[in-house]
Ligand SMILES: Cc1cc2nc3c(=O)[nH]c(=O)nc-3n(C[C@H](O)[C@H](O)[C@H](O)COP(=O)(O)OP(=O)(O)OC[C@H]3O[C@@H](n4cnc5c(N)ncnc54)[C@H](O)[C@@H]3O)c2cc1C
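In the block that follows, a single chain appears as structure tokens, in the form predicted alone.
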């Protein structure tokens, strides 16, 4: 393991860290990526890879179209909306399907691709402490660096260098993986069930052989136990008992967007930067895109102000989601939003376009209201 003043140290081996390492390494910059867990590892996630995310990854050269097809469990172009058990509408997109991926396989592929580009990747190495010039690992090593990239998730230790403390503003995501054969009916595409959790929803996402059934809430007054209870009640309503199933859970960044992706020689990407859509929960694509943005900032000589000010980046999209979330989830607006999903094909299309990454919130509302 190399160390020194020209090193970029990346903490975290998810899509954000891998994308950053890939971009740096293919440009000839030496970087070291440390991931605390052994790879592959499971990740609580719906596993939706948007059209935008796929375009970012393929366009960068990190993954080929053929490799993306091989990693895709299933494609969906249909979404069904429900509110407190009441059917609202089904929408089918004429184009731009979303892909479902296994996070363990997908993340493992991206990490291997970063390594093949020239990044040094070490798994099972937890970073215990960091300052502005060095990091100490669980195996007793001290790593000195020029740039530090925190791609280490919601509870990022690197973010503490930027904000002074770990963020307490976190949401919660939970899911069960249910074999298709155990369901009374196979879902027709994606399902979104509103009304069970304040500022959140329950999802049903069919994969190849199983269905991901989960719940997520961001900026919600609901406690983790409330979310567990709501998901358990939903599972009971579809006659899918949970007593023998493994429930996985994880924190999700909520309302903690770092628009500058850190400060000085410290960078943040993905969940560590709060880059999760606060309505849809989209995170994979934003993670990969932000990792690449961080790499470009470093390669440009830290000209982050110039590179990050453009509209249309993942930063801008998450900023928009923080504003528009109230139009879907707040008590005064929720009823109108549910009626709009039920009665308006254009509103349902807009929600799909947000999930598929083909339209921003500003573009959606400008089109509908204009």
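Numbering follows the first chain given and starts at 1. Quick caveat: nothing in here was measured; it's all calculated off a predicted structure.
One more form of this protein exists, namely the form predicted together with the ligand; it is left out here, but the text below deals with it.
Contact with the ligand in the model of the complex, defined as any heavy atom within 4.5 Å, is confined among 73-81, 149-157, 239-247, 87-95 to 149-157. Of the heavy atoms in residue 24, none are within 4.5 Å of the ligand in the model of the complex. The shortest heavy atom separation between residue 325 and the ligand in the model of the complex exceeds 4.5 Å. Using a 4.5 angstroms limit between non-hydrogen atoms, residue 294 is distant from the ligand in the model of the complex. Using a 4.5 angstroms threshold between heavy atoms, residue 282 counts as touching the ligand in the model of the complex. None of 44, 338, 68, 56 but one reaches within 4.5 angstroms of the ligand in the model of the complex through a heavy atom, and that residue is 44. Taking a 4.5 Å heavy atom cutoff to the ligand in the model of the complex, the contact residue among 252, 261, 298, 197 is 252. Against the ligand in the model of the complex, the set 11, 14 and 34 is in full contact: each member has a heavy atom within 4.5 Å. Contacts of stretch 186-209 with the ligand in the model of the complex, defined by any heavy atom lying within 4.5 Å, are made by 203 alone.
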